[in-house]
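Here we start with a single chain on its own, the form predicted alone, put down as C-alpha cells.
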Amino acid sequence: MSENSGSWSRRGFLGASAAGAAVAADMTGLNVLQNPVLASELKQQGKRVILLWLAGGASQLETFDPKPGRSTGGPFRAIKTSVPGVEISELMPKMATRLSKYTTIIRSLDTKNADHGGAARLMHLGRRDEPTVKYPDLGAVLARELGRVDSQVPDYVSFYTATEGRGSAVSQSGFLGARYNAMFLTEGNVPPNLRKLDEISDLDHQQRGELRDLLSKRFAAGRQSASLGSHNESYARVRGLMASEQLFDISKEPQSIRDKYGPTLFGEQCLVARRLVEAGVPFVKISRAWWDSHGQNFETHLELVTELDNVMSALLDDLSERGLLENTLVVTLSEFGRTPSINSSLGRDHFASAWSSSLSGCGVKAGSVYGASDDDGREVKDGKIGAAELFATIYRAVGIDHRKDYHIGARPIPLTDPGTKHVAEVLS
C-alpha cells in the first residue's frame, strides 16, 4: 500500500468496504450536532485525538524550550507561564497563561532521524516498517481503537492543503486495511464527492434510496451471504458520510467563535476539527506547513508560532468550554525540531537530538514538564525518549494499552515495540 493511498471517494470507499468492512447504520437524516443524547454519550465515553502536525519541523527553541541568554537562544525572550518555574517562548503568550490548565510539555525527544521523509514516517508510525509488514499510522490505529462500528461519521480525517512537504504527509492504514484509511483532504475544507448531483432533487434522492432499499430487501430475502450484508452496510455508511457534509461547514458557527480561531486556513481547519470530534470523529489531523526554516528562521517562526499560539489556545478553550477536552487529546508534533546553532542565513537546520512536543487535555497532567535539554539545547540531559515512548504515552492517555497485540494470521503484532514504556509522569 502506498502513502496516501487512502485518498477518499465514495466509489473507492464502497469498493474497499465491500471486501470486508464491518459497519452498519441507517444514516439518513444525520444531525449529530443537534442530538443531545448522542452528544452526551460522546462526552461521557468517547475518546478523541486532534493532531496539530507542524510540517517541516518546528523549532523547539522558539516554542516550548527556549534558551534565553545563550548563543543558541535567538532573538526572542522566554516568558513566565502559569506554571511556576516554567518558561516558554514569548511568541506563545496565550499558551503561557493556559499551560497549568491544559498542557504538558515533553522536552526530551531524541528520534535520531533528521531526514524529512524518514522522520515523518517515523513520527506517524511510531516505528519503522518491516520489509513484509506495513504498519498503520497513528490515525489508523486510533480510528480502529476509538471508532464505533455504527459510526455515522468518518473515523479518520486528515487535512494537508499546502503543497510544501505533502509528499511526506504519511497516511497509511497498513495491515489494518482500507477500512481505516484517512479521508485525506488536500484541496479545501470540504471533502469532494459528498454532495448529490445538482440535477437530482431532494425528493428524487430520497425516492431512489427507498427504491434501492426495497429491491435490496427483496433480493436478500432467503439468502445468507456475508458479502451481501457487508455491501449493504457499506452503502448505509456512505449515505451517512454524504450527510456529514455539514460538519465541514464552519459557516454554521457563530461569528464570535470563528473570530477566536482567526481567519487563517489553519484556524478554520482547527474549527472544523472541533466540529468533527464533537460529532464523534475519533481522529483528526490538521497539517500546517511549512516550518522548514533553513533561512530566516526567526521571521518564519514569528509568523507561524504566533498563529499556532492563537489557534491552539482557541481550540483548547473551545473544547474545554464544551466539556469535550476531558475526552479529547490535542497533540502538537513535527517530524523533528531545529538545530540550536544558527546558520549563516539566520536559519536553523534539521535536528532530531533534543526537541519538543506537547500534549493537552484528555489523560494529561496539566502543567507538567517532562525531560530536559542541556543549557544550549544540543542534547537531552534528562528523560530521553523516542517515537515509540511518545506513541505509547498517547495511547495510554486515551485509554489504550500500548502493549496489546494485533495479529497478522497467527503472528502477533504488538501495538508498540516490545518493552516500550509510556511516560507515566505526564499522565493523570
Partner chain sequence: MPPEKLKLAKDMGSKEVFLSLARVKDSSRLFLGASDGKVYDIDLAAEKPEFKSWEGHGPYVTGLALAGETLVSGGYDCKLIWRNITNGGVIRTVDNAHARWIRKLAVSPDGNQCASVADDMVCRVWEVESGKLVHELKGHETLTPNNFPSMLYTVAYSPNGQHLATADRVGQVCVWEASTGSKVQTLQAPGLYTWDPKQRIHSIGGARSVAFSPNGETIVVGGIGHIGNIDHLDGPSRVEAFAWQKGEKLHEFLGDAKGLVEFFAFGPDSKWFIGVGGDNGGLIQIYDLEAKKVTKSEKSPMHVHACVLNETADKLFACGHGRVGVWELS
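None of these values were measured; they are calculated from a predicted model. Numbering follows the first chain given and starts at 1.
One more form of this protein should be noted, the form predicted together with its partner chain, which is absent from this view; the next part is about it.
- Remark: of stretches 271-279, 160-168, 96-104, 324-332, the one touching its partner chain in the model of the complex is 160-168 (heavy atom within 4.5 Å).
- Not one of P66, D375 and D382 places a heavy atom within 4.5 Å of its partner chain in the model of the complex.
- Here is the short version: of D292, E253, D318, D309, the single residue with a heavy atom within 4.5 Å of its partner chain in the model of the complex is D292.
- Only one of R148, R77, K80, K112 lies close to its partner chain in the model of the complex, with a heavy atom inside 4.5 Å, and it is R77.
- Although the partner is absent here, A314 sits far enough away that none of its heavy atoms falls within 4.5 Å of its partner chain in the model of the complex.
- Remark: R288 counts among the residues lining its partner chain in the model of the complex, judged by a heavy atom distance of 4.5 Å or less.
- Heavy atoms of P263 reach within 4.5 Å of its partner chain in the model of the complex, making it an interface residue.
- Among residues of the shown chain, L122 is not one whose heavy atoms approach its partner chain to within 4.5 Å in the model of the complex.
- Contacts between stretch 335-368 and its partner chain, counted in the model of the complex as any heavy atom lying within 4.5 Å, involve I342, N343, S344, S345, L346, listed in sequence order.
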